[in-house]
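This document starts with two versions of one protein chain, written out as structure tokens and named structure 1 and structure 2.
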Structure 1
């Protein structure tokens, strides 16, 4: 016991023994939220199992095997049992496994989970936060539906679970477990767990730190993955109606533990470990996302000398670093601008010199052509003057000839 802590006995009743009741009353007043992600092939029974788990009929949409890409459909419902209100969100994968490219199948699921984390982180980083009435959409539990092949996991199953095990609590379930025999089912469970361990896939283990549930959780961890059968149809067995699937050879009772593990799944998921799933999502998966995101932004708890650094100091350092980088880029842009202006001026001067040279050449050619034209004009004028003189001489000779002919005619008449 610490030396600075003293144990005192109370002289009378104080009243802090009502603290658990206060927490219960406050929680009941606020209500709870729980988000389940169902991953599995089309037609494997995801919607039917959800209806059976919560004993209601959710809005179900039939989907085909011809979806071009995986889509996630989230439906939120407000449920009430006794005086406890639960806001349940069921996220269903539409078209999962129908694509040729495996990455196109699991990447939308990863992106959806990260978007919910990012949304919560942005709300936390706001100056004026409202987390008390914030609708928490982070995925608390992922039910991964495994096809009852009886052989081994598909490569898509391993790849998807490996990508998701650090982001969400994965609970593997064998769907439609009434399609394989009990001996094959037992071998199939062992095979699945062996493959998960050998491939390093970390599935959700029911917690053992709480003494009140450690024994039952230890037993249930040995039953993973749960082999489940879902059905909302009621069949008469003896003198009572039970949820079951009726076949020509007999009846498979959903809530009979000798027939399937549905009751185990419901007890572990809802009755015993729902709060732990919510807590693990916040303290483990979300904290990992938050830490990686803040480290990407440059925030750290310690400096290079391992001394503690406050968020404000880190912010101021990053801000100063950003301003220095901004100034550096501004100087580089200014220098680049000056350099480009100089290059442009040199290009313009070179173009101006070329234009001047071209102008001088054209001027010289113009002068030469003008001189040639003037020479041609002078020669033409000389030819015209010479032609005029010859014409005048010819006309004079013609006139003289006409005069001489006229005199001769006159003489003849005489």
Structure 2
């Protein structure tokens, strides 16, 4: 009891004892929702058991043994019993246990469960959310079908259940139990439970905190795992038609507690503990998922000085951090841009200079060659002119000599 709260006694009938009824009325109006996941090898009887449990014929088809990977198939149905409506989703594994290499077989199942948690988390974190309208698809119960080998669990069973025990309420069942005799069954159950315990696998325990059901739950806990037989066919026994399987040596009656634990399973799963399964899923498995996810994103409940911090503060701090980071990045980018531009400019200038110097060089070369050429021309001209002079001189000489010779001749002739 809280220290500051006194308990008082009432003088008359107030009427708030109708609260549970109000709650019940509301839930009946809303309808209930339940999601079961069935994991088991192909052909082990998952669909048949679901049909038998819920007294209907869900549309099923035989799966092949040759699926390359494990898949999950979910189907949703609306059922009604008296005035209670139930939205039931049955998820079955397809191809589980068929592959040669089953090391990754558990992964699609884990992914499916996480996806349902994730979508609930997303809805919870929305600004405008409608949780009361939300169709809860989280898996409330997982029936794990154990093959009736009579010896122990298979290695695949152990590996898979270990991966799932912190994510979902596991209820192991021994499938096709009409192939195990009573004494073998007793030994088999003990072996299975001891293997689960010694490997630290946490299966769902029927709750013992409520006195009204504690006694029956304790008894039932001692019968785990339930050995079940499923059948939708009816056989006449005595003067009744009962769900049964007819063999040449006898008739196995599904609802005969001496033959198998079907009735116990139905009682525990549906009649007594369905609501507890939903609650456990929400308060234990979902909360664990949520905490891990948020921690991954960097949220904490206490800051480095161990003072409690609210989600809002954390969110705000994260936001600031993000903005600062953003600014830093922007500055960095700008700096880099500026630097790049400068570098490019320098490069271009350098290129220009080089070009210029080359131009000068070529010009010089050109001038030199021109000068050389002109020199040559001048020399040539000189040569030419001197030659011309010499020629003229020679001609003159020739002419002079001719006239001189003529004169001489003239003189001689005289």
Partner chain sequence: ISQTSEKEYVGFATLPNQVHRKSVKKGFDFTLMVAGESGLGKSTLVNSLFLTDLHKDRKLLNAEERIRQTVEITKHTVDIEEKGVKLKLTIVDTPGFGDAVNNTECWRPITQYIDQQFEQYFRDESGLNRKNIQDNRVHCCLYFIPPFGHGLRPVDIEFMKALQDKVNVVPLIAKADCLTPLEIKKLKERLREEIDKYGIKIYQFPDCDSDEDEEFKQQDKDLKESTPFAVIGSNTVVEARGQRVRGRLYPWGIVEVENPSHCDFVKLRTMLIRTHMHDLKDITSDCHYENYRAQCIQNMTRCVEMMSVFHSPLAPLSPPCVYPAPLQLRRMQQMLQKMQQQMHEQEL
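Residue numbers count along the first chain shown, from 1. Small disclaimer: the values here were computed from a predicted structure and weren't measured. The term rigid core refers to the most C-alpha atoms you can superpose between the two forms while keeping them within 1.5 Å.
Each structure shows the same chain on its own, and structure 2 is the form predicted in complex with the partner chain. When the rigid core is held fixed, the Cα atom of residue 197 travels less than 2 angstroms between structures 1 and 2. Put the two forms on the same core and the Cα of residue 55 is off by less than 2 Å between structures 1 and 2. Comparing the forms between structures 1 and 2 on their rigid core, the Cα displacement of residue 30 stays under 2 Å.
Taking the core as the reference frame, the CA atom of residue 364 shifts 12.0 angstrom between structures 1 and 2. Core-aligned Cα shift between structures 1 and 2 at residue 101: this is 2.5 Å.
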